[in-house]
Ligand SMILES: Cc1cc2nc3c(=O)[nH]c(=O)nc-3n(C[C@H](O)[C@H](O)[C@H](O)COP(=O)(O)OP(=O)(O)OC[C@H]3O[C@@H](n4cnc5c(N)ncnc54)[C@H](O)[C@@H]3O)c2cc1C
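Presented as structure tokens, the chain that follows is alone, the form predicted alone.
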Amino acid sequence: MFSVTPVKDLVLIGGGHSHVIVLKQLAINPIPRLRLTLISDVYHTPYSGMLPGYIAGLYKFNDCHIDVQALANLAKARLLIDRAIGLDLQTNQVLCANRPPVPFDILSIDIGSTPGTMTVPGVQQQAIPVKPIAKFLDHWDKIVETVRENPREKMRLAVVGGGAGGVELTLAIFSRLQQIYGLHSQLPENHLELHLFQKSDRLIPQRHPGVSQRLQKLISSRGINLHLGETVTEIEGKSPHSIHCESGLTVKCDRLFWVTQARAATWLKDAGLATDDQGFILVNDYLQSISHPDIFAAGDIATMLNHPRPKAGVFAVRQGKPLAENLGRKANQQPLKPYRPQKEFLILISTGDQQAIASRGCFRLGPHPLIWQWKDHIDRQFMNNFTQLD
């Protein structure tokens, strides 16, 4: 009598950068007797590298969003539009917000992160967090529409967080709204009031000081109010909001975007997964949970125990193929392959006006249109992997 290999359930939670690559890889090289399920709370997952360009009006929605349904169909995966809210690790089930638990034999998690320090008084009620991105973009599209319909009303906006994400967002907001206001020649120059708060004494402190200096000079030259060394302690009142800082500084604004250091969803640690101090899943060199060998994680939600790296999209993209290979090896009971991330990594910071700054280690260049063209080419190449599925 011949034994039949049982069907195994591989469940992917989240449609992040690593998981869309996994889906594409499994579509190209399907694994026999592996049933694939994707749990995603959106039909279109955003590519973070192009979002500043979208906010600045340089891209359309479809340019920077991946059609998760089409990708799932290509990989012959079942797509469940829902939000994971917990794990039952005794029975190997994913708990969802709106449907019965989803069983798994192998699980992979790529759900990104959310802005940290949301416990600051008033932030939960008044601030617009940049993640989840889909909700943030809903808010942004409404702001753009408000400015279009009421261009003579002054708009006061603030961004809290001076990392790469906060800087790109601030410059993109400025460029987009200035485009709209520029259509109305009778408006005063200061019709847009924009503030950027950073608790450190310089922007993007993880990069070379020369990058910080260039960005600070650029931001100031555009009339954006830069508040360095300012820790926001409270957001008071509905629009207009009063932003209170530890120093005593108070600034009023109509909308407030929160782009501070990332944190993880609390249900991961609550389920019993080993996590770091911020709640991110601790994984080994195989992108495998150090506490639960049937669970893998990648992207912002994971911290590599032996190779900790910043939360940056470049690592999520690079982890995609190694993750796909190890999920396949796990399903086939083969030895896993280690993955070692690069130590130095290039970032291309868009400045909202079809220019960008390049930074890697001590190297920095720009802002310059050629660097934007380089970045645009890289981003469009990545997206072509998921828009040309035939």
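Counting begins at 1, following the sequence as shown. Predicted, not measured: the structure shown is a model, and the values here were computed from it.
From this point on, the text means the form predicted together with this ligand, which you will not see here.
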Q) Is Gly352 a contact residue for this ligand in the predicted bound form, using a 4.5 Å heavy atom cut-off? A) no
Interface membership of Asp82, this ligand in the predicted bound form, 4.5 Å heavy atom rule: yes
State yes or no: in the predicted bound form, is some non-hydrogen atom of Ala312 no more than 4.5 angstroms from a non-hydrogen atom of this ligand? yes
message = Residue-level question: is Gly299 within 4.5 Å of this ligand in the predicted bound form, judged on heavy atoms?
response = yes
Identify whether this ligand in the predicted bound form is within 4.5 Å of every residue in the set Ile128, Glu230 and Ala264, based on non-hydrogen atoms.
-> no
The stretch from 152-160, 246-254, 137-145, 83-91 that lies within 4.5 Å of this ligand in the predicted bound form, judged by heavy atoms, is 83-91
Restricting to 93-111, the residues within 4.5 Å of this ligand in the predicted bound form through any heavy atom are Asp110, Ile111
